[in-house]
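Given next, in structure tokens, is a single chain: the form predicted on its own.
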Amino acid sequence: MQHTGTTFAGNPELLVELRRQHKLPLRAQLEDGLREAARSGRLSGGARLPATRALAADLGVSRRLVVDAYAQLVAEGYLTARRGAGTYVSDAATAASAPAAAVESGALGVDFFPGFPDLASFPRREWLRAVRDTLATASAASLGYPDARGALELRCVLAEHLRRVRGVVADPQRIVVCSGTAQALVLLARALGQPHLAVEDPGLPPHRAILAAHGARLSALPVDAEGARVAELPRVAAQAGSLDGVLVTPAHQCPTGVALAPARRAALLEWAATGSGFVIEDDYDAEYRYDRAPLGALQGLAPDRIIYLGTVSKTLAPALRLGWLVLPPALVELVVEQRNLADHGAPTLEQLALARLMQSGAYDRHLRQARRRYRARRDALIDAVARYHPGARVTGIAAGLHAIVRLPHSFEVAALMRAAAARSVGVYPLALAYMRPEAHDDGLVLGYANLSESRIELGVRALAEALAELSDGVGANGGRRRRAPAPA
């Protein structure tokens, strides 16, 4: 293992670890190390990097390796190069960590984080009743080591629920209960053996990071107003030589909010039927719809080629850490083996409580009440944007827990996040959802489910003040960029 440890004249000191015995090439290790340093905040936005010659000498590698690594990270948006002045960390690369710190410290008065349902409306009384009933009736045997596939009682209830509500072809023997979407992706990456996957761009950065950390190679599949551009899958496969699967959110694309168009749904099913790869269907936010008829899951049309993924993180609470995979027969044992290696299975008592909650009808009642509440909050967001941001468009509003707000002019991503945080408001630029984020954009991903109507108005008004501050200074940009248009 080697790392920088010498201070060079005129160059900042920088810790980067390279492991000579590691199978990953040294250049890839250097790129990963610099990305991690920027994402974690260890390197702040605007921080100057050592000159390529100095860093190469310190690491004991060729200067060309460092030059190429810097160039790759400049292309991805993590670094910026200033002619004659050196290489610096991009503000956009570190912007995501600033609001996270504020959230952890409880400093934000209004947080538009798009990943939360209404946490205050968690059905505590019904959940407590389900837990009590579970404890009163659970057998002694159920307190032993769990089945890696999940408690049979929950798998049976899930199979019935998914068939009835989502049109999924669900056999309890093909369901594996997991700790949310995050673990589901870990299990799939391991079971598929370092697969090459196409992923929607824009998409969820944490999901891409999880897949990559467990060996998956990822290629961008662009998204437009009709969802993922399925016709580009052959091109993606040709570039890498093969394609083991594609991860999509067809019912409610995350984050743009569009539904996959009927023609593209058909094309994706055809690709799954004729190709060697699987479709991984993340049924993101499918439970919440306001202005459109429900869309059945794709899995019901090709259950042997589509991996279905669901969770209660958006319907109940992320803290429960309960999700599920409905798998093609060929993958069941592979995924179960990986689940056994990971942690032997999910906590049984929580699974049994969820099964009781669903069987009692309390789960469905909770969802119906939540839809009415979220529709009102969505409408409050639309009204507030119209009032405080003339010329802005709100898109992706037919379903889900967040909306895309397109501002009349682009803004500097990091500067807006700082200006909003200074007003105790957390905002989330659309630019950060791309595989190659840019420093300027005109889109914001604003979650509304966990905010009251009054807090939504307060936050949108404070956002207008932050944008006005940037317009008076150096943070605004008159250009306009829309990489992923969405219908109004």
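What you see is a predicted model; the values in this text were computed from it and never measured. Quick note: we count residues from 1 along the sequence shown, nothing fancier.
Beyond what is shown, the protein has a form predicted together with a small molecule; the following relates to that form.
Undergrad: Establish, in the predicted complex, whether L204, C254 and K314 all lie within 4.5 Å of the small molecule, using non-hydrogen atoms for the distance.
TA: Looking in the predicted complex, the three residues L204, C254 and K314 all sit within 4.5 Å of the small molecule (heavy atoms).
Undergrad: So which stretch, 287 to 295, 246 to 254, 360 to 368, 141 to 149, is the one near the small molecule in the predicted complex (non-hydrogen atoms, 4.5 Å)?
TA: Partner-contacting stretch among the options: 246 to 254.
Undergrad: Which residue, R393, R321, R373, H214, is the contact with the small molecule in the predicted complex, using a 4.5 Å heavy atom cutoff?
TA: By the 4.5 Å heavy-atom cutoff, the listed residue in contact is R321.
Undergrad: Which one of G86, P172, P123, G115 is close to the small molecule in the predicted complex, taking close to mean a heavy atom within 4.5 Å?
TA: Filtering the options by heavy-atom distance leaves G115.
Undergrad: Does the small molecule come within 4.5 Å of any heavy atom of A182 in the predicted complex?
TA: Contact with the small molecule, yes.
Undergrad: Consider D282 of the chain shown here, and say whether it contacts the small molecule in the predicted complex, taking contact as heavy atoms within 4.5 Å.
TA: Because a heavy atom of D282 falls inside 4.5 Å of the small molecule in the predicted complex, the answer is yes.
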